[in-house]
Each structure stands twice: as C-alpha cells, then as structure tokens.
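Single chain ahead, by itself, as structure tokens, in the form predicted on its own.
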C-alpha cells in the first residue's frame, strides 16, 4: 500500500513539474514572439519628414508602433532599449542578384542567369532564391533589409524577379512580393552569351516579335468559344502580364541607343518600363522625363568599359535634378562577392552632386517606391514593417559602422561592422 502511494505521489509530483514547465515555456514564447524594442537615436531619419533629434522608434511585434522625439514618446516598461548615433529605415536594394548568386563564386551557387535560350521570361527568381545564402547575411549586416532580387544581365528576357527581406530561413518567411518585374537586357552582355542576336536591331526585333505573339495569345484567351483558346504558354503568359500592366518590365540598358529602343517599344506596345543601369541616361534626360519612367541607376562606382564606358558618377544627381524618379542598386559583379553594397554607392553619389537626403532616399523610400513596396518599407512610420538600421556615426562616412539591424521587428545583428 505504501509503495503504491509512493508511486502515485511521485507521478503527481512529475505532473506538477511538467505542468509548471509548460506554463513557463508558454509565457516565454509569448513574450519573445511579441518582441518590444525601443530604438533611441541622436538623429533619426524617418524619410517621411524632417530628421528627428533625440528620436525614438518604438517597435511592437513586426511593425513600428510609434516614432517621435524622446520628449514626446514614452518608453514603456519591458522594452529592450537600443542606442545609436544615427537611425535610419532598413536599406532597400532596388536591384541585386544576391540570393541567386552566391558568395563563393562556384557553379552550385551561381543561379543568376540561364543561358540555354536568350528569351525565357517564364523563369522565376522565386524558384532559385536561397534565403540561407551567406551573401544575404553579409549585406544584411551592412544595413540591407529589403532586396529586389532577380537575374543578372545577359539575356533578352531572363525571367521575373522577387522582393524579399534579408532575415529568415525559408522563402515563405522572407517573401514580400513573389512576382516583382519581368527582366530584360539589351547590350553587349547579350551578344557575349548567345550567337543570336548579334546586333542591336536583331535584339530589339526578337523582343518585339515575342510581344506580338503575347498580344495574339491574349486575344485567343478571350475567345468565347473555349475550344479556340490556346493551351497555357508560360512564356507568353509572362509577357502578356507586362503588356497588361499586371507586371512591370525592367530593362537593363546602358547606352543611349538601347535606352531609346526601350522607350520606342514601350510606346508601341503600351507598357511603362523601369530603366536599369542606364549609364548614358544623362544624355537623354528630356526623353526619359517625357516618357515618365523610373530609373534604377547603375552602381555609382561601376567600372567603366564596354557598354558602361561613358558612365558618370553624377548620373543619379543629374536625373534627380530633372525630376526623374530614381533608386540606386548594388547590381551584379563578375567577381567575388558578386555584389556591391548600396550604402557605399549612395555615399559616393552624395559626394557627386546628390544631396544627403536624396542619396539616403535613393536606398530607402525612393527605392521602395520604384519597386512598388513603399506601403510596407522605406520609411519609419507607424504601421510599417519594423526594419531599422543603427549607425555609430554619419551613414555615409567611411569610418562609420552599422551597429544594429532590425528586420520585421527581429534583431538580426547587434555587432558593429
């Protein structure tokens, strides 16, 4: 009898112990899943108004709860407090191959361009992006929290891009927009990868021919008689979305003749492109402004040569002064680590005619507008995604470090780099 009572009491004790463990675990999970952070900065650049001296950004969960001067924003008990000299929104890279191109430059991590055919708009970055790629972590530690990721230049039509966050382990966790833009290229890089096209006129003719096919495909899809409708064609489906305005077209073009070719095609087929690179765009300011298109300007320090032989460090400033919407990008490099850092590119743009505020906007709110995600990211405003970067000095000074990165309310880094 005593033995049985002892067993019962022991089991009861174990149940109480596991029950208490469950309760403590539950409350720990709740408290960590609803993270609460207060970021204090000597200067807070919200990008939605004037900079705030001695500002505070309150974060609750995945979104920004409140932004304002410390004299007006009370930090509730229990909030994790992080301090910085300068606070900005998470940086937005308007065009990169990071996540498709890997850090080691070996075949298995180079998925940025398919060269089996010059026209493959049906390919999707969604199917190739690797959120665990080390290069993603590298740029995140330097302040990049949102990326417009897609193929590198080199094919007439290379597939659709995606917009992602830089913190998370699966594509589902990081995805912001699964179908960003359909990506096209005109120029020497196409001729380097394919036997045909070999000339500018052939390149344009091939793209125009595919757009004509897409127009016919759309007409047939709308046939009342179902038997007359065509089978599903992924290539023409992607191009049809460009023509209908459902998806934007990103054209990587550097020379003035190629830029003009894109503007003519856009007018002919009735779509509005985004120009990418556009090294000689300063020669066509009036034409670009009249067309009403945005430009994702080449990396400021891109190496001059080939199609970029006439590149200028003042391009961003020239276009911005003319009232043309711009963003800056990290672009694509053939060498390790395959990407530039937009923070440094913006700093050089600021040293070459672009104001500090415009340079910062080109990698935050203006970049978010160009890629169509400004309702979520690009500025520090109540209700937006809690993406914040902490600096120990002027963001564009060479000796300044990124000392904290918050993505979707999660502290991704607290080490000064």
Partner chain sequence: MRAGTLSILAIFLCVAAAAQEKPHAFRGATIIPIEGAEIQNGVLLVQYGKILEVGTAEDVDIPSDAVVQDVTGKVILPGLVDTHSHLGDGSGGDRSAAIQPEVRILDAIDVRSNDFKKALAGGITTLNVMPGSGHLMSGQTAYLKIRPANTINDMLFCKDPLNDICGGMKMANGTNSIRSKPFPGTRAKSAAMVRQQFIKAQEYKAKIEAADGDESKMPKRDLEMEALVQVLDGKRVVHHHTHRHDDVLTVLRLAKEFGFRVVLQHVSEAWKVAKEIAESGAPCSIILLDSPGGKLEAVDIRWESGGVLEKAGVLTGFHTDDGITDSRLFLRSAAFAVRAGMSRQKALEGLTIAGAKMLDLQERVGSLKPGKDADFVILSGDPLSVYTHIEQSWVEGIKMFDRANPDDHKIATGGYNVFRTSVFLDECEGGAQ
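Numbering follows the first chain given and starts at 1. Because the structure is a prediction, the values reported are computed rather than measured.
This next part talks about the form predicted together with its partner chain, which is not shown.
Would you check whether its partner chain, in the predicted complex, lies within 4.5 angstroms of a non-hydrogen atom from each of 184, 244 and 385? No, because 184, 244 and 385 lack any heavy atom that approaches its partner chain to within 4.5 Å in the predicted complex.
Region of this chain that lies against its partner chain in the predicted complex, out of 203-211, 152-160, 261-269, 312-320 [heavy atom, 4.5 Å]: Flagged stretch: 312-320.
Quick one: is residue 75 in contact with its partner chain in the predicted complex, heavy atoms, 4.5 Å cut-off? It does not: once its partner chain is placed as it appears in the predicted complex, residue 75 has no heavy atom within 4.5 Å of it.
Under a 4.5 Å heavy atom criterion, is residue 106 part of the interface with its partner chain in the predicted complex? Contact check for residue 106: yes, within 4.5 Å of its partner chain in the predicted complex.
Considering non-hydrogen atoms and a 4.5 Å limit, does its partner chain approach residue 338 in the predicted complex? Yes.
is_contact(residue 347, its partner chain) in the predicted complex, heavy atom dist at most 4.5 Å: Result yes; residue 347 sits at the interface with its partner chain in the predicted complex.
Using a 4.5 Å cut on heavy atoms, which of 175, 301, 234, 221 is close to its partner chain in the predicted complex? Flagged contact: 301.
Tell me, out of 283, 179, 293, 128, which residue has a non-hydrogen atom within 4.5 angstroms of its partner chain in the predicted complex. Looking at 283, 179, 293, 128 one by one, just 283 meets the 4.5 Å heavy-atom criterion.
Can you name the residues of 395-415 that have a heavy atom within 4.5 Å of its partner chain in the predicted complex? The stretch touches the partner through 396, 397, 398, 399, 400, 401, 402.
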